[in-house]
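Just one chain is shown here, as C-alpha cells, and it is the form predicted alone.
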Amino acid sequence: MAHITKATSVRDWFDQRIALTKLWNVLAGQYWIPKNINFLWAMGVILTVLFTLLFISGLLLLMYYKPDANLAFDSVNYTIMKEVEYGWLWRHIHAVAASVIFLIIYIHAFVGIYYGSYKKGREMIWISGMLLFLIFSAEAFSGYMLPWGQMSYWAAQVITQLFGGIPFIGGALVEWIRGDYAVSDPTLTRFFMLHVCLLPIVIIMVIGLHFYTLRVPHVNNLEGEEIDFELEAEKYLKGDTINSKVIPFWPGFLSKDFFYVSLFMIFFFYLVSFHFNFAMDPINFDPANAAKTPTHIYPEWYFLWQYEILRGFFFDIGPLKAADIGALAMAFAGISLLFMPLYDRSDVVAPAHKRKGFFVWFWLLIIDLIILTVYGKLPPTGFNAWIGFFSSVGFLVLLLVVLPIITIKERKANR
C-alpha cells in the first residue's frame, strides 16, 4: 500500500499516486542518448510529427468523407475541396504528409543501414522499424483508394489481382479482399475501414514497440562506438557533463530535435502551399470508371521501385509465368530489408565509409533503387523493359548474393 501524505503541490499529488517523476525519468529525463550524433538522428522525431499531422488532418477529413462508391469522389473533390472552409488546406496537408513521410522513412532506414544500426543487439529496433514501413505501406495504399478516382480504382484492380497468383486459394482470396467479384463499393468500404480504424491502431502499437526496443541497446552513434551507458550516465549525473559521452533525451536531445523539426516544417508547409500537386496524381481527378482503363497505370512515387520489380520480369522462365515471377519478386522486395541482420555476416558496427566493400555495395543499392523508381513511372516497353529487368535482378543479387559475400570476407579479414 502506498504511503500517501498531504500533497505539497499538484505535481506531488499525482506523483504519490501514479509515480509521474519515475515515469518521466524512465521515458525521457534519464534516458540516455550518445552525444556523437548529427541531424540524421532527428528523423524519428520528424516521423512522429508527420504521423500526428496525418492523424489530425485525417480526422478532420473524415467528418466530410463518404465511403460510398457513388459519393466518395464528390465528397473529396467538391465537398472537401470547395464547400468546406479550409477543407482544401487539410487535404493538402494530409496528401503531402502521406508522401513526405515515406521520404523520411527511406532516409531513416538507409541511415540505419549506412551506420550498421541493425546488428549487435539492435536487431529488434530494426525489425520493428521495418514492420512500421510495411504497415505504413498498407496504410498509404488503402488511403490512395479513398478518393475513388481513376488511378485509385485501377491501382486497386492491379494490386488486389496479384493475390490471384497464390496457388489454390488465389481466386477466393481476391474475391474476399474485394468483397465482390470486381473492385466496387464493398472494396471501398473495406479499405476505408483499414485506413481509418485497423491500420492506425496497429501503427500506434508498433510505434510503441519500436520505442521500447530502443530502451536496452540504446541508439547507435556516428562511429558505431560501444558505449557503457550506465557509466557515462553516472558521469553526467555527477556534473561531469563535458566528459560524459551521453546526454538525456530531455532536454538535451529533444531540444535539438525541435530545432530540426522547425526547419523541416518550413519545408513541409512550403510544399503544402505551393507544390502540393506532386502528392496528387492528375488522373485521379477523373472519377473511377471500370469501363475506361488509363493508358498507363502506376503507383505513387514511393512504391515505384517495387512496382518496377513487379514489371521487370516480363518473360516466362520454364514453367514459371512472367506474372508469377514478378509478383514473387515484388513480394520479396517489399519485405527484403527486414532481413538485413541476416544478409550482413560481419560483426563490424561502423559507418559505411569505414567499410570499403560495404560502402561500394551501399551506393550501388541506392543507385539501383533510383533507377527502379525512375523507370517505374515509364511505359515498360523496348529499352525500358530491359532496364527494369536488369535493375530488378540487380536488386535481388545485391541483397542475397553480394552483401553476404563481402561481409563474410570482412569478418574473416578482422579475425
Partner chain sequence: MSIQKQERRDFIGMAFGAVAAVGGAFALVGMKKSWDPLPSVKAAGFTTVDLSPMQPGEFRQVEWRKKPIFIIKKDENMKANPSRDVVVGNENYIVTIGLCTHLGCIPSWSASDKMFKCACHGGEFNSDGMNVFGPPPRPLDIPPFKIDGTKLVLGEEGPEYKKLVATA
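Just so we're clear, the structure is a prediction, and the values are computed from it rather than from any experiment. Numbering follows the first chain given and starts at 1.
Only in words, not in the display: the form predicted together with its partner chain, which the text now covers.
- A heavy atom within 4.5 Å of its partner chain in the predicted complex is found for exactly one of 134, 182, 222, 71: 182.
- Listed residues 109, 177, 140, 196 were compared with its partner chain in the predicted complex; 177 is the one with a heavy atom within 4.5 Å.
- Screening 150 to 158, 203 to 211, 94 to 102, 81 to 89 for residues having heavy atoms within 4.5 Å of its partner chain in the predicted complex returns a single hit, 150 to 158.
- For the three marked residues, 190, 293 and 321, a heavy atom of each sits within 4.5 Å of its partner chain in the predicted complex.
- Contact annotation: residue 288 falls outside 4.5 Å of its partner chain in the predicted complex, judged by heavy atom distances.
- Contact check for residue 227: every heavy atom lies farther than 4.5 Å from its partner chain in the predicted complex.
- Although the partner is absent here, residue 307 sits close enough that one of its heavy atoms falls within 4.5 Å of its partner chain in the predicted complex.
- At the 4.5 Å threshold, heavy atoms of residue 311 reach its partner chain in the predicted complex.
- Along 368 to 391, one residue reaches a heavy atom to within 4.5 Å of its partner chain in the predicted complex: 380.
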